[in-house]
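First, one chain by itself: the form predicted alone, in structure tokens.
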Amino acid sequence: MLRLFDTGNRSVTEAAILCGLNFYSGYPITPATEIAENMSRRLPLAGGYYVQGEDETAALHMAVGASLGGMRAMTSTSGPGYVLYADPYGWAIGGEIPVVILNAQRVGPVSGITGAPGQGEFYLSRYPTHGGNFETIVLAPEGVREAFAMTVEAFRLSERFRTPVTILADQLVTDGWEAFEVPETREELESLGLPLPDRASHPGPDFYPDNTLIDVPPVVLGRGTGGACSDWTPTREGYDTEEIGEQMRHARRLVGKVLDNRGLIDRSESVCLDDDPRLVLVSYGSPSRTVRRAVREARARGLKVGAVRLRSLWPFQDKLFQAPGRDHLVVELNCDGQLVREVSRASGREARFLGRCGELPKVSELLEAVTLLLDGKKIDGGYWAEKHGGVFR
């Protein structure tokens, strides 16, 4: 293995190229710009194509078009660009077009601060486009090394499920520096399931089946298959239709193929849950690293706490939060609280929320919150904001 010390942006680039990426289109935006820069240098040397779009919408449209032409395609952006993906993202979902999208979240709202991490697109990654009637697949790495592995998984899932897959990272993941390993030999590539098999093309005539099976080759245009694709509801053969029956058939597939096969998607990490702790801290992305250390220090003090880290966000893993009598403290890089709402819904108990904008919470801050909650003491939000500068509710 080649051992590198570099950023998450570099690890994503190297992983994508090893997956057989041959088309990347993007638009510069901090903190994901280095992916485009790396791709512009590395991808042509690997036999692929780099294209800079005139804006984020064009970049994803080009990636979707390249995928329809049989290429393995990817783009990357941050929150202000991710929200502009709505139209091409819808094309990719409805047309069952594989493409990988990385979103390096930065603190908002709107353009916010370019060099500070945020977690504001949790719900946007679930409903990234109009119309509903679909499920999304979203992965969330906590660091540079995992960003490499999740990029590989994103390409694999995208093609198996015929759908776009979002890697929902944050600025600390993409700009952070860590050591990671890149396979060099054939044996090392195969140990990671790389390189991925060449893209197959669907022979037709039923390009959009009425079942929830996966591992169905995607539609590829221009290879004599007669495949069709548009943003309208398709018949099985891919032609536009206004028939409600066909709409229901297609919508059931877009939802069912993900939910019926979610065992291939669901990913999580548990910390100290073996003895049924009274309080469980919940997080995803870079805050998980602080949470993990805080839990281990709390356990060393004899406090009965644990942690759950979501490595995949959507479909949401309700089963992780349904242990009876267990309380949850959700830690997020935002002040409005998004993940906490899903944890409360899934558990049937109101979860507590600790949020910060633009920086990680301190281990000491988490330990204070855990101690107060386990002692049954009320935590005043005004006190918390004055002392720690964050939100507690």
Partner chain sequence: MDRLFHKFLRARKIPSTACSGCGLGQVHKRVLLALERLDLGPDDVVWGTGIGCAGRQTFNTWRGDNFAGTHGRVYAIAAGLRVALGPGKKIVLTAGDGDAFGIGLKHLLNCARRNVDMTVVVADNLGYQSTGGQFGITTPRGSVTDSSPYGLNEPGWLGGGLDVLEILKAAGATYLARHLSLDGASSVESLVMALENPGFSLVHFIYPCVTHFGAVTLGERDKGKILGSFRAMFAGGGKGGPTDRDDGRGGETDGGGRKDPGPQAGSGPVSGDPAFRLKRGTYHDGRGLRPEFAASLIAWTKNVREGAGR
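Everything numeric here is computed off the predicted structure, so don't read it as measured data. Residue numbers count along the first chain shown, from 1.
The following text describes the form predicted together with its partner chain, which does not appear among the structures shown.
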| item | value |
| --- | --- |
| Per-stretch contact check against its partner chain in the predicted complex, the hit in 312 to 320, 87 to 95, 277 to 285, 258 to 266 (non-hydrogen atom, 4.5 angstroms) | 87 to 95 |
| Interface residue in the predicted complex among 217, 131, 224, 193, criterion: non-hydrogen atom within 4.5 angstroms of its partner chain | 224 |
| Output flag, 45, 51 and 62 jointly within 4.5 Å of its partner chain in the predicted complex, heavy atom basis | yes |
| Residue 79, heavy atom within 4.5 angstroms of its partner chain in the predicted complex | no |
| Residue 198: touches its partner chain in the predicted complex, heavy atom cutoff 4.5 angstroms | no |
| Its partner chain contact at residue 118 in the predicted complex, heavy atom, 4.5 Å | no |
| Any non-hydrogen atom of residue 58 within 4.5 angstroms of its partner chain in the predicted complex | yes |
| Residues within 4.5 Å of its partner chain in the predicted complex, restricted to 233 to 249 and counted by heavy atom | 235, 237, 238, 239, 240, 241, 242 |
